[in-house]
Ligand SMILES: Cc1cc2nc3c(=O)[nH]c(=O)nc-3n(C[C@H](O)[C@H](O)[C@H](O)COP(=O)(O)OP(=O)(O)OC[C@H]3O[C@@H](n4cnc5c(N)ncnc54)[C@H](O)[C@@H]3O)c2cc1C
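Take a look at this single chain, the form predicted alone, given in structure tokens.
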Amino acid sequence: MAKQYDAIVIGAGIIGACVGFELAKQGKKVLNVDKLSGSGFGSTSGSCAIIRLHYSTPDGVAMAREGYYYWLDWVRYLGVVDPTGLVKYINTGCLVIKTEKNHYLKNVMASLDELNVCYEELDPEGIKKLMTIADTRQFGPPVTQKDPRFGEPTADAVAGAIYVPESGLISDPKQSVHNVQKAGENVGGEYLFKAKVVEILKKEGRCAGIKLEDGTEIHAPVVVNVAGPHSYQINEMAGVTQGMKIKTRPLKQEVCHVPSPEGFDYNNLGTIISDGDVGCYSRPEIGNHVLIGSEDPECDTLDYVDDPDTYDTNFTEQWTTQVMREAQRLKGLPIPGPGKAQGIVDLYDASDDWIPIYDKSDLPGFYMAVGTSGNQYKNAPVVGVLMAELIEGCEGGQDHDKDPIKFKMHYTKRECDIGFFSRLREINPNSSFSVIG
């Protein structure tokens, strides 16, 4: 006889775990299912786990600010201590370079002001004072290595920057999911690993559960797709893609792991840098290293994959390009030679406009928290609450498409309109179409 639950969450990454936790706190019998062998083993384990507050809209800043407080108050959020260890929030601050493309951060600063987030405006000399190894010449807009201008300055100095001191990172993204798993189990949630979903069950015109690869059926009136880079496959199983204006695709990403410039204590003196001028973001990494990711400048070709289970996991020329771009900003940054590349190759679950989809679907009972990779790790606890509110409202009869569900965020006291994340929205022209830019 098939097991019966109130809700099934497909995925046990950071967002899936937080969704399961919040549903269980409502008293629902919840099961998180994942094809991998443990929580956080998927794309979350490859996250840079950056916690930053700068966005170009007040609502974006509010969401990040809300999430920031959850990470600061992590143990109280969990309500239980994970015996295998709790993650820590490490404050590093964040330096954001002004560029023409980001409108010299005018909208960002206005949005930070509205949420009373402190920041400091810096001129090039102020940037050097903050980061003594910084080269403050302008190099952008970014170009590829094939362009003869690659690596050559385009102006004597960048337009300046802002420094947001309340920014940082989580010590271990994979362990953070295990923390939430333990919190969910503490309030009655369950987890099932090594369980591949092959079918979304339907009955009388609505979602009825899932079928696993081994033939097991698990029944529930609510199924939530939080499958990360596999989310589009799950949506296709549910037959809901035709009713979506915004869709998701797996996108290959390379994150570089290189030593700090010699003689500079990057772990203690380094900061997160969001640098649209060179097309990279970076952060300190243990062992006096620097992690470098791409802000996906327009000159680069985005590497979307057809099958998230079979893609090239090797480093490419993109790895070297990112390190060389970052070396334009960080004087003395080593550029490892052939065969010495280190870092991570993984997949994002990217939506068409890089804004996540938190929504119901055309199949009653089937919900989605997808298109989240690269920019929503920091918001995961808030997304858990958001999805629980969305599901409760929709299952209670509210037509979310016509009358979007709203909820008041706990810490910031601002109202969040979940309709902003609708699958039916037009592509947002104001999106940065990147991760951190």
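Source: prediction; values computed, not measured. Counting begins at 1, following the sequence as shown.
Just so it is clear, the following notes concern the form predicted together with this ligand, a form of the same protein that is not shown.
- Proximity of residue 346 to this ligand in the model of the complex: non-hydrogen atoms within 4.5 Å are present.
- In the model of the complex, none of the heavy atoms of residue 65 sits within 4.5 Å of a heavy atom of this ligand.
- Taking the partner from the other structure, this ligand in the model of the complex has a heavy atom within 4.5 Å of a heavy atom of residue 281.
- Using a 4.5 angstroms threshold between heavy atoms, residue 195 counts as touching this ligand in the model of the complex.
- This chain is displayed alone, yet in the model of the complex one of 161, 180, 226, 223 has a heavy atom within 4.5 Å of this ligand; that residue is 226.
- Note on contacts: among 255, 363, 218, 109, the single residue with a heavy atom within 4.5 Å of this ligand in the model of the complex is 255.
- Comment: 230-238 is the region of 230-238, 147-155, 119-127, 86-94 lying near this ligand in the model of the complex, near meaning a non-hydrogen atom within 4.5 Å.
- Residues 372, 374, 375, 376, 377, 378 are the ones in 358-388 with at least one heavy atom within 4.5 Å of this ligand in the model of the complex, listed in sequence order.
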